[in-house]
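Take a look at this single chain, the form predicted alone, given in structure tokens.
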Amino acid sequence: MKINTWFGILETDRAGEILESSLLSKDIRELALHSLSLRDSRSNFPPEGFDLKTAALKSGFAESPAEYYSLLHEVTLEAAKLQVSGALTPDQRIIQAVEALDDINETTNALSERLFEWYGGYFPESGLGGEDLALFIAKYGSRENVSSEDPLYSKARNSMGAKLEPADEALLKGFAENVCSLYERRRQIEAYIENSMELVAPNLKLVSGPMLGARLISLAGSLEKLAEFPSSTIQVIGASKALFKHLRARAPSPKHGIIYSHPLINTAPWWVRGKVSRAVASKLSLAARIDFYSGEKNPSLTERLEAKVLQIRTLNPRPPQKRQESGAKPKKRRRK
């Protein structure tokens, strides 16, 4: 009988006596990698009650029990280190980037709103907001510094806002530069996510777009878990509150979760969005499985999806008519 152990391969008879052994070297890293491969393969494990320590001593791998346990301790630690270093897979890096993007969006929106409120007292007629306002403040500071070529020159000269003191101007310009750097950092993270999705999940990116595909992976936890989800789960992923409300209070079941941002869904008429969502979720599930198990790009996925959505919209050109009630409902009797 062939038995795989962490220190080598053993051939034993029915009584458990070792007939032949193929031992590994005592290199800790090699033994750790071999142990991890055994855990993944799960083949020819030692039978119940088999004494590995005695087998290691009889085969000549270890000269004493102390040496055996010392090697086992070092190999276990090295295997744990290898597992930690390999935990940050490419799809996990995409998840971290998505979460970082959400944090940057939240921070940027809050700081941009504060900058708008702060600078609005000095130049309320600017009509700018967000990144445009931050760039304007970082460039000019006070409205008195606006050049004559700028479209806001006349408004700046005739503004009813308060005068901006030099100390406040320096503070506002520094604040605006920080906001501009956050917008630039957001674009860099978006570009990183788009490039990573092309390498990790090209079919999912093709069907859903880079940002929606990355958010699906983030909500699922990994590309492997997303590939294991049925299409019905992918359809409502991100709509947990509406789903629990449906299960508890008999509210209408949600037709879509975050996949609503897909252009084929949010541009569809309201009466076919449920059917379109099911079609899109089905193709997303198929794309995730192809990416995880084969990784080969299949451009026909989008063509078949668009044809399916066109068929749904063609077969349902008008909203459904409400059913007419045949008669008045009987009045409920009041309980005494």
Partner chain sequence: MPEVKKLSDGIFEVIKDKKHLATKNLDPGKNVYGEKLIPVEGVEYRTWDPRRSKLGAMVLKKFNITLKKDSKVLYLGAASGTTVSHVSDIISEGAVYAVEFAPRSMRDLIGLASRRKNIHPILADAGKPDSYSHLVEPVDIIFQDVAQPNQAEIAARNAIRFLKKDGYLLLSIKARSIDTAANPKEVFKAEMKKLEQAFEPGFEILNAKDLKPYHEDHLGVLAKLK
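By rigid core we mean the largest C-alpha set that fits within 1.5 Å across both forms. Residue numbers count along the first chain shown, from 1. Owing to the predicted nature of the structure, the values given are computational and were not obtained by experimental measurement.
Keep in mind that the form predicted together with the partner chain is not shown, yet the notes after this line are about it.
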Since the chain is shown here on its own, which stretch among 99 to 107, 136 to 144, 69 to 77, 182 to 190 would lie within 4.5 Å of the partner chain in the predicted bound form, judged by heavy atoms? 69 to 77
Partner-contacting position among Met160, Val84, Leu199, Ala167 - heavy atom within 4.5 Å of the partner chain in the predicted bound form: Val84
May I ask you to check whether Pro46 falls inside a 4.5 Å heavy atom distance of the partner chain in the predicted bound form? yes
Does Leu52 make contact with the partner chain in the predicted bound form, using a 4.5 Å heavy atom cut-off? yes
With the partner left out of view, is Lys241 within 4.5 angstroms of the partner chain in the predicted bound form by any non-hydrogen atom? no
Any chance Arg250 has a heavy atom within 4.5 Å of the partner chain in the predicted bound form? no
In the predicted bound form, which residues of 133 to 170 put a heavy atom within 4.5 Å of the partner chain? none
After superposition on the rigid core, does the Cα atom of Asp51 shift by at least 2 Å between this form and the one not shown? yes
After a core superposition, would you say His34 shifts its C-alpha by at least 2 Å between this form and the one not shown? yes
Is Phe61 among the residues whose Cα moves by 2 Å or more between this form and the one not shown after superposition of the rigid core? yes
